[in-house]
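Take a look at this single chain, the form predicted on its own, given in structure tokens.
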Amino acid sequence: MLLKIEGLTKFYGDFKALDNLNMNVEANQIYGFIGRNGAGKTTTLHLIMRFLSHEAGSIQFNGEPDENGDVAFKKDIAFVPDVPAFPDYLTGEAVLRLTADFIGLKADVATAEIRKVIKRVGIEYPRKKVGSYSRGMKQRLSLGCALLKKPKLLLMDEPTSALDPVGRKDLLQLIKTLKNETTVLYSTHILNDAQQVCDTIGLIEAGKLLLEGRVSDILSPRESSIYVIESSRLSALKTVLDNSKLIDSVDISKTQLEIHLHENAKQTDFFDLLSKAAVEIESVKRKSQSLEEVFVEVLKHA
């Protein structure tokens, strides 16, 4: 396990920001740390980086516990904040050069690595001053600085929250390519983004982790209680289903019905109901859940 968090608790005065938080991040994956604004995502990332201290619990990185204030582990971790800040008077290339100097890259190595990073993250105008950069280009520059470090763990705090749709799409595509060379812990409240790029997610609410697992397992159609039916007699079929205690709701469109089963309904009883409806049915498909639907469902029962 690359990153293991156990019982992490953090207070701001009387406010408990993290409440006995447990997380497990495996190597070479993209871990989506999802939750509403204020749920505790940024606090957790800041604690991992030791920007803050915690009242209880432990953080183990690469099998080593956080003891005696030792921060040697930070050479293997990079952090991309939600709002990157650079001196406006520096060029993008100069920012990368300073970063290379700070992490101890030799001049000849640094030059080659900076060229690679500029191309990799798509910094279009490396010799222009950062003050002229868009929010999206500053995100790319921040990511470029992080990648110069060749980290084992890359922390990204809401990297797409203020980007336009094109910028978000480009940055998500770039993040997808990173898991072959590092592990990404990526915090976001934009659930569609997490569903697109993450292998595993952890859902945090009020400082507690409510759900953790692989996205493919969490969104498995086997877990869905929503069915989509196609039929030439949708209205007649809707009338039958509306009167059944097995059904919570039936939504009709021009081409299909979307049926939400009651949480205690059995699939066998539902199909028995359809067979007795005396209405020709062309297809019945179980609908895969979205991460947003899972999120709402988990919070509803929290």
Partner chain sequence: MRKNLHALLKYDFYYFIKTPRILILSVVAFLLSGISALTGRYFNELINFALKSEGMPPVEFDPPTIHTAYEQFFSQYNQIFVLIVIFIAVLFFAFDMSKRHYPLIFSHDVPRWLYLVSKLLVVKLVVFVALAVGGLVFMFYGFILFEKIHVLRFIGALMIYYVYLAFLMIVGALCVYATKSQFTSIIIVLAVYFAFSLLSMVQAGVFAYMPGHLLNQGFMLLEGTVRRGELLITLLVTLGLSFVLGWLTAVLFEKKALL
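As the structure is a prediction and not an experimental result, all values here were calculated from the model. Residue numbers count along the first chain shown, from 1.
This protein has a second form, the form predicted together with its partner chain, left out of what is shown; the following refers to that one.
Picking from 94-102, 161-169, 210-218, 184-192 the stretch near its partner chain in the model of the complex, with a 4.5 Å limit on heavy atoms, gives 94-102.
Interface membership of Phe271, defined by any non-hydrogen atom within 4.5 Å of its partner chain in the model of the complex, is ruled out.
Taking the partner from the other structure, its partner chain in the model of the complex has no heavy atom within 4.5 Å of any heavy atom of Ile114. In the model of the complex, Phe79 approaches its partner chain with a heavy atom inside 4.5 Å.
At the 4.5 Å threshold, heavy atoms of Arg140 stay clear of its partner chain in the model of the complex, well away from it. A single residue from the set His260, Lys238, His46, Arg36 has any heavy atom within 4.5 angstroms of its partner chain in the model of the complex; that residue is His46. Of the residues given (Val228, Ala110, Leu90, Ile118), Leu90 alone sits with a heavy atom within 4.5 Å of its partner chain in the model of the complex. Contacts of stretch 146-184 with its partner chain in the model of the complex, defined by any heavy atom lying within 4.5 Å, are made by Lys149 alone.
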